[in-house]
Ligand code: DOR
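Have a look below at one chain only, the form predicted alone, in structure tokens format.
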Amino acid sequence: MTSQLTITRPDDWHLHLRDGAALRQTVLHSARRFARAIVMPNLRPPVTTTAEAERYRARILAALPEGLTFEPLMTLYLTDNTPPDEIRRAWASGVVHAVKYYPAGATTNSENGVTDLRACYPTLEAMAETGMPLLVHGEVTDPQVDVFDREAVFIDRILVPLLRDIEGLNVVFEHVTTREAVALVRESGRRLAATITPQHLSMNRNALFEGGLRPHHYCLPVLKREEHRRALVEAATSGDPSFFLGTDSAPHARRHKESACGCAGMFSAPAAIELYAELFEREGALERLEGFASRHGANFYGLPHNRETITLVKESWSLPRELAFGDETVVPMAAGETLSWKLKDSK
């Protein structure tokens, strides 16, 4: 039995750090485990320009605890009015590494999102010219579409036409949740990749209702059927370079989760790499964790692999039931549960 695992220090290719007082805690948990992270721009107001991304990056670095290294890879929030010249400025900056597409109303702070992606085609063509990837939240927001079908419908209505219309555009299908998404990524070649979260690998939609309504298991895209979870597990552990780690760690204060209209998001950062290790071990695929966590994403983004390593040890430990989150508290994913892998020297 493997009792210790050393891998190239991983990266998180989909992360929400939030802003303000909470940054000191969110940056700490991610920086302990990850060397770099693609940082989501859905603040209020959203990060829509290169100058705003540079200012947000400075705030993140100012919150980084002494002794830790961490590189935030910034993104812009695509709107109906994002001009092509902003893409060129972003690419030239060396700070912005992608642009995020939220359908308007799809998730947290997405009210400024895109209402008609076809109107953004000149901007997307500028992205194809520069090589800037588009990161997509792959759900439709049509109220007539069942919430569990929103990803599959998005594929047919929006993503397949987009890939056909703008051939040079590199796309990351964020937090995929369905077997249809897995199939599309595999059929599309290296210009379409996908991130997979720990919650969608380890839970199906029954987890929303275990012993009652579980607000801390509510995320968007919502958890799906077991058949879809199994498809994600097979993709993540297969060694296919089109799939890589993206936690979508998305903290909300406890009171905002445990409310009449609870926020969507799961805060996985405090045990993210450990949660992935547990899953890969159960599947007999620990030897493929390094590719998924440390290599495939860097290769897609054209970035070097990290030189540092981290070590995970086979040691039982329990996550706290809540953690500090600015002036409030947040409940992490797997709160109070016992994990069998632990980051060496973590506190």
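A residue's number is simply how far along the shown sequence it sits, counting from 1. Since the structure is predicted, the reported quantities are computational estimates derived from the model, not experimental observations.
Although it is not shown, the form predicted in complex with the ligand is what the next lines describe.
Undergrad: Scan 86, 248, 151, 274 and let me know which has any heavy atom within 4.5 Å of the ligand in the predicted bound form.
TA: Looking at the other structure, the residue within range turns out to be 248.
Undergrad: Considering non-hydrogen atoms and a 4.5 Å limit, which listed residue (75, 107, 82, 242) is close to the ligand in the predicted bound form?
TA: Answer to the contact question: 107.
Undergrad: Does at least one non-hydrogen atom of residue 219 fall within 4.5 angstroms of the ligand in the predicted bound form?
TA: Contact check for residue 219: yes, within 4.5 Å of the ligand in the predicted bound form.
Undergrad: Counting only non-hydrogen atoms and a 4.5 angstroms cut-off, does residue 252 reach the ligand in the predicted bound form?
TA: Although the ligand is absent here, residue 252 would touch it in the predicted bound form, with heavy atoms inside 4.5 Å.
Undergrad: Can you check whether residue 42 is within 4.5 Å of the ligand in the predicted bound form, heavy atom basis?
TA: Residue 42 belongs to the contact set for the ligand.
Undergrad: Is there any non-hydrogen atom of residue 133 lying within 4.5 Å of the ligand in the predicted bound form?
TA: So residue 133 does not count as contacting the ligand.
Undergrad: Contact check in the predicted bound form: 29, 289 and 342 versus the ligand, with a cutoff of 4.5 Å between any heavy atoms. Do all three pass?
TA: Not a single residue of the candidate spot has a heavy atom within 4.5 Å of the ligand in the predicted bound form.
Undergrad: Okay, which stretch from 188-196, 205-213, 155-163, 262-270 lines the ligand in the predicted bound form, with non-hydrogen atoms inside 4.5 Å?
TA: Heavy atoms within 4.5 Å of the ligand in the predicted bound form occur in 262-270.
Undergrad: Select from 2-29 the residues with a non-hydrogen atom within 4.5 Å of the ligand in the predicted bound form and write them out in sequence order.
TA: Going through 2-29 in order - heavy atoms within 4.5 Å of the ligand in the predicted bound form - the hits are 16, 18.
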